[in-house]
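What follows is one chain in structure tokens, specifically the form predicted on its own.
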Amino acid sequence: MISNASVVIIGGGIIGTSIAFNLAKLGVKDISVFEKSYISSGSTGRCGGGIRQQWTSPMNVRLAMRSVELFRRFREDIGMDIEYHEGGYLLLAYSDEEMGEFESNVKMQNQEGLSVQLVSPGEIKEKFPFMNLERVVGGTWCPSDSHANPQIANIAYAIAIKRMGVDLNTHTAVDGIDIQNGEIVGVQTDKGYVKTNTVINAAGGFSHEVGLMANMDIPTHSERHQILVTESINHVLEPMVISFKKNYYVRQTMHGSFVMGQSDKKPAQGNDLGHSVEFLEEMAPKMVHDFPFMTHLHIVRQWSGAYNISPDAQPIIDTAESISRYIFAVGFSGHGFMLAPAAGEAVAEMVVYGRSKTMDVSNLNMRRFKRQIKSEKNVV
């Protein structure tokens, strides 16, 4: 562990390591990353691995589109195969009202430059004949939506930043941020003190707690979301399939197992996670109904992870007003993995240039919560 750092990043998940990678790419030296556990131990290692560009908020669409650009060249830039696969995303509508919302979303997404289209039940059946489309009135299809292995991606970033000279400290907790006269002068860890004038909060499920270290009341909270994985079978499902009405997402990994999840009706709050039998009892009938070939599929295991929720289900990327060079990239609301490449790029540019140059993310600041906000709806 170095004793003086130009930038300290709190959190070694996909957001923190992406920021570190982009800072190092821009030539920043003496970067320290602190992860209180092992790499991919938090939300990154527990997520479903989807990479979706179909959102109801233009900013999420832009971030996701830029991330897809960067994911496409991840192997070339970072040096590791993360099982990236553009199998598309199929979103299912179960009412005319929901289909009307999809139509509005697609219009906006097309205006943002995303190639996405409305599809009829007949078109879905032709493309995916193994699905039961009872009561489906239509959907949307984006062939450039994708999925990858989030654990490998996080580890790939970690290996890359160590190779680039970043001081990566695992199993090291930050206990406090030292602030004097509105300026950061260092951080206290459980293994020693590090002098720095720049701190980035990329603490995922613990973003609110790390905010309090700097007397910042960041409006995020964490809640439990559950997920399961099945045994492997021959590959049949190319896309990630989502139903907001039925509250599920499902994809097949390159190894043949299915990863699927849903939101709890009353999600447990905080980072003290567990999982429930109710989740299995709700998930299994939905999957067997919509994907009859899963009838005799065995569940291997289940787990849970924390969505770090913001008030509008969009990330908060901003610099503190009252504290010099305290930056936060938090509140990704369950979508940090898929937005990480673009978010890391934007935050690194904020540190180096004072603003994000490649993509303007200024409307993701904290001040937006002082006015009426429009929440992202496409969340499972």
Partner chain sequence: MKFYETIVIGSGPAGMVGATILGQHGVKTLLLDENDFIGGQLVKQTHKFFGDHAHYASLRGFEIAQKLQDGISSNSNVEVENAATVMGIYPNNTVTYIQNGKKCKAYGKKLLITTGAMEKQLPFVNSDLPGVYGAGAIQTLMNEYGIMPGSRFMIIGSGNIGLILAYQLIQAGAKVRAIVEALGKIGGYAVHANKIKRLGVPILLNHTIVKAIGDKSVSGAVIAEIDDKFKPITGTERELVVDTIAISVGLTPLTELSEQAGCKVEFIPELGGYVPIRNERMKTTNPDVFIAGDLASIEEATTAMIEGKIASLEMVQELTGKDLEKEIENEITILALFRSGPKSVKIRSGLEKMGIKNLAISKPRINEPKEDIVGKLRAVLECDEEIPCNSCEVSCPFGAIYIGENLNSTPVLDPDKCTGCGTCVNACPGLAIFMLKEDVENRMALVGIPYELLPLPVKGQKMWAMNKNGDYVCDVTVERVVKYPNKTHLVYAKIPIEFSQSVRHFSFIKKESPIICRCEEVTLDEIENTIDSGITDFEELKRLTRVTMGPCGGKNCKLVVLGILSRKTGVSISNLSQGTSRPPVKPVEFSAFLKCGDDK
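Residue numbers count along the first chain shown, from 1. Computed from a prediction, not measured in an experiment: that's the story for all the values here.
Here the subject shifts to the form predicted in complex with the partner chain, a form of this protein not shown in this document.
In summary, among the residues V300, V185, V236, L212, the only one with a non-hydrogen atom within 4.5 Å of the partner chain in the predicted bound form is V300. Only one of V288, V137, V106, I124 lies close to the partner chain in the predicted bound form, with a heavy atom inside 4.5 Å, and it is V288.
Only one of 149-157, 109-117, 190-198, 176-184 places residue heavy atoms within 4.5 angstroms of the partner chain in the predicted bound form, namely 149-157. The candidate spot formed by R46, T230 and H296 is fully in contact with the partner chain in the predicted bound form: every one of the three has a heavy atom within 4.5 Å. Using a 4.5 Å cutoff between non-hydrogen atoms, H275 counts as a contact of the partner chain in the predicted bound form. Although the partner is absent here, I316 lies well away from the partner chain in the predicted bound form, with no heavy atom inside 4.5 Å. The closest heavy atom approach of Q269 to the partner chain in the predicted bound form falls outside 4.5 Å. Mapping the unseen interface onto this chain, E281 counts among the residues with a heavy atom inside 4.5 Å of the partner chain in the predicted bound form. Although the partner chain is not shown here, in the predicted bound form the stretch 153-190 places heavy atoms of I155, I159, K162, T170, H171 within 4.5 Å of it, in sequence order.
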